[in-house]
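Here's a solo chain for you in structure tokens, the form predicted on its own.
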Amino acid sequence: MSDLSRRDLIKMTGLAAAGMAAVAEVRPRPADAALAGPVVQLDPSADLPKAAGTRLVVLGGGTSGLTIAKYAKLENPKFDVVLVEKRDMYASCFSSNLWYADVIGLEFLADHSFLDAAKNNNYTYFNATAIGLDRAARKLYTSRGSIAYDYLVVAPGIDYDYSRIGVKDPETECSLRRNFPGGFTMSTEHVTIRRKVHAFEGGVFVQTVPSGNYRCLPAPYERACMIAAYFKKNNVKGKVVILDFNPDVTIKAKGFHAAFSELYPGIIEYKPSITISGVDPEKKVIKTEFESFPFDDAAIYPGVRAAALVEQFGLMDPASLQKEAHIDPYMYNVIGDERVYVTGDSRPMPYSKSGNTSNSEGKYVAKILSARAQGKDLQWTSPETLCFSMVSINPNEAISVDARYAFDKQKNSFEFADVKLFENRNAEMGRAALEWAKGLYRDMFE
């Protein structure tokens, strides 16, 4: 195989195939020599200090990745932990709805440093984008070179799946991402949605709710409440229409319905069992099999899948409807590989895809990694889903849920267990919602 064809093959496969050549050089043809730069080495090692112990690489600096990087080091000080994250600035998805209604400022979400987290917890933050994985050689390839690992945690979060709302052409998808972002992945989406809300002059603002296990089940309903609260406070002649694929509000239904009817009559209109079959972003129309919904502006949440990286790295379960990872549901390792783990919102178990769940889950995975590095076993423990939803401002009032999970042998799946619902909104819950978020930041960054 020529040097050039090897380079093309590596690009196409993302270095995921086992046994692939680790180093290749691309040299210019003689005719190109005058225009060519230096020789490009495709597999330089990342500019990192030599591992001082068992190297644990954590890919992804969201709630799951940050938690595991910190707690794995606490559980096993012999770990040499490297957190690989493509962002250089952090901003959380959790609590972002509160920013739309000015309950919090941007600094509440973003005044947190990857560098500080690494310094405070004695690990390395490496700002790079993952581009390939060779599990046979135990190497993660990044935009800044390859990193050899003893253990790897892949915690890349979610991606959108627009095909689930009938959008299959790249032009329409690109237009929706740009003009009507979902607001559950990149922090830049939150900036755009907040500006939309604050610039809204009247009419219909649509918030869609997808099917499946989407990121943060109550969040679209909370967002509708925060947008409605802003409209109400500022006398905006607008209506928030919730188009919900589900037959009812997916969680904390009693509390949300009370907020819709008691706080925002005539402002929030809730429409369940809406199966979206297409969207025309130019005409601003959402289509279903039986009717269409025109809108003036929108946050269109199309449904989620595991981050595409999971599929690209060959870690996906082909039977998964949401393209989630093929892992041991109790130990989180990829089936057949106890050196690679997938956590957070890309794992297949039907736990809530939310901040607190990822945080508590991350602490458990840190224990697994420490135990296995020492040749020990660990008993499974359930993650915890503690979630506050703000439904009112002036005063700030919230509702909440606290739940764990258990395996149902009859259904052959994990189900909610020990669920505690607090659906009577009050100011104490509103204060608790803010303190919960502050506590989660402290737990990850300090």
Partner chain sequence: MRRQSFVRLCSLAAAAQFQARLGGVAAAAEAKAFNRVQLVDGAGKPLSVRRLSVQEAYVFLYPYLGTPSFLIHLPAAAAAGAGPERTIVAFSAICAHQLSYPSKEGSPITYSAENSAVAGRSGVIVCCAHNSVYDPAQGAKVVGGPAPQPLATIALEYDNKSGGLYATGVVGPDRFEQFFRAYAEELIAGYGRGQARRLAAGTAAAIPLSEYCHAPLHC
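Positions refer to the first chain, counted from 1. Since the model is a prediction, treat every value here as computed from it, not as a measurement.
What follows is about the form predicted in complex with the partner chain, which we do not show.
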Just give me the single entry in T288, N76, N356, T250 that has a non-hydrogen atom within 4.5 angstroms of the partner chain in the predicted complex. N356
Against the partner chain in the predicted complex, would D402 count as a contact residue? Criterion: heavy atoms within 4.5 Å. yes
In the predicted complex, does E397 have a heavy atom within 4.5 Å of the partner chain? no
Is there a heavy atom of N246 no more than 4.5 Å from a heavy atom of the partner chain in the predicted complex? no
So in the predicted complex, does T124 come within 4.5 Å of the partner chain, heavy atom to heavy atom? no
Does the partner chain come within 4.5 Å of a heavy atom in each of E384, F422 and L440 in the predicted complex? yes
Check each residue of 405-437 against the partner chain in the predicted complex and list those with a heavy atom within 4.5 Å, in sequence order. K420, F422, E428, R431, A432, E435, W436
